[in-house]
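One chain follows as structure tokens, the form predicted on its own.
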Amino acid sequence: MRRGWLIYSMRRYFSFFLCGLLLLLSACQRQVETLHLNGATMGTTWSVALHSLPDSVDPVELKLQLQAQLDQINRLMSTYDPDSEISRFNAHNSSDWFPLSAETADVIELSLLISRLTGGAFDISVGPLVELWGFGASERRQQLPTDEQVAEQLAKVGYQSLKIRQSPAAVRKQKPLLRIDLSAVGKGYAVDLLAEMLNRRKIGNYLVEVGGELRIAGKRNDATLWKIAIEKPLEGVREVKTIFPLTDIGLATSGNYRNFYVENGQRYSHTIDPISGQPIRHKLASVTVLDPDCARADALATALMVLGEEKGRILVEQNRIAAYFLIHQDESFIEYSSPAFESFLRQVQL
């Protein structure tokens, strides 16, 4: 089990193959030899790829600043730290308003927005069900949960029982036992914060990654778009399925093909439907979402994996979400790109 953040309804085992990590040089920047900054955060890793820096930016200091930003997010939102804001709120069995930092309030507000948009397919309070089915921090039980046990945990879940305000920032729960976990949106949010730090320092060509979630800007040093490869959603296999040329966008992917178990011939996925309380059983293998905000892409990718290929397709087409599906069909996969996804690819290549 990874240390750091309790893994919500999805663990990100999706792998990106990044092609050509050199960045376009500008006249006001000095060349550096493909600078890679990296470290650990949220039970996973982070990395930033750079090829040029303004003269005023020291790479050693920049790495320290990026790490400090990530450490601050972890201090606020980690469910493993008993002193974090989230942990203290989870232990706060009262319906009174609980004061929050602006950062945590922003992430909760976005999460509730995605919950409403997806009809509850995304729910930051789903943790009790993830634990019940053996995909949380606790050791998996020897027997499958009963319907009664599922119903008992469902009673503790529900984004509708969570209220947020921004001025002053605070959150409240209407169910005393309600607990929240932001790990299905937190990595995307961290990516956005790092990207904004680079933007403020006039670094215009970069690739930021936290736990597999990405945000990219500008172009490579040969003036071409970044090329992001999508992995085949196969158990025990690491192969490229397709490659997309991208720039100035956030990207997140969710999949259900690495973390599962088989009981009595039935496959149980780690992706839990917050409404039914059951592991998903559809044919959608992985979802990639493009959005200017990586946090939003992160949450939407999770929600679409819960919804599946049919309901997910309706959602992305009705709401102009840029999404790419890989769907199981016998021994191969069907690809589906939403109209917004296809439109974005055409625009960046003009």
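What you see is a predicted model; the values in this text were computed from it and never measured. Residue numbers run from 1 along the displayed sequence.
We do not show the form predicted together with adenosine-5'-diphosphate (ADP), though everything after this point is about it.
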| item | value |
| --- | --- |
| Stretch in contact, per heavy atom within 4.5 angstroms of adenosine-5'-diphosphate (ADP) in the predicted complex, of 179-187, 158-166, 69-77, 97-105 | 179-187 |
| Proximity of P274 to adenosine-5'-diphosphate (ADP) in the predicted complex, heavy atoms at 4.5 Å | yes |
| Any non-hydrogen atom of N205 within 4.5 angstroms of adenosine-5'-diphosphate (ADP) in the predicted complex | no |
| Residue contact check: V289 to adenosine-5'-diphosphate (ADP) in the predicted complex, 4.5 Å heavy atom | no |
| Interface membership of L132, adenosine-5'-diphosphate (ADP) in the predicted complex, 4.5 Å heavy atom rule | no |
| One residue of I86, L194, A121, V171 in contact with adenosine-5'-diphosphate (ADP), assessed in the predicted complex (non-hydrogen atom, 4.5 angstroms) | A121 |
| Stretch 295-316 - residues with a heavy atom within 4.5 Å of adenosine-5'-diphosphate (ADP) in the predicted complex | D298, T302, V306 |
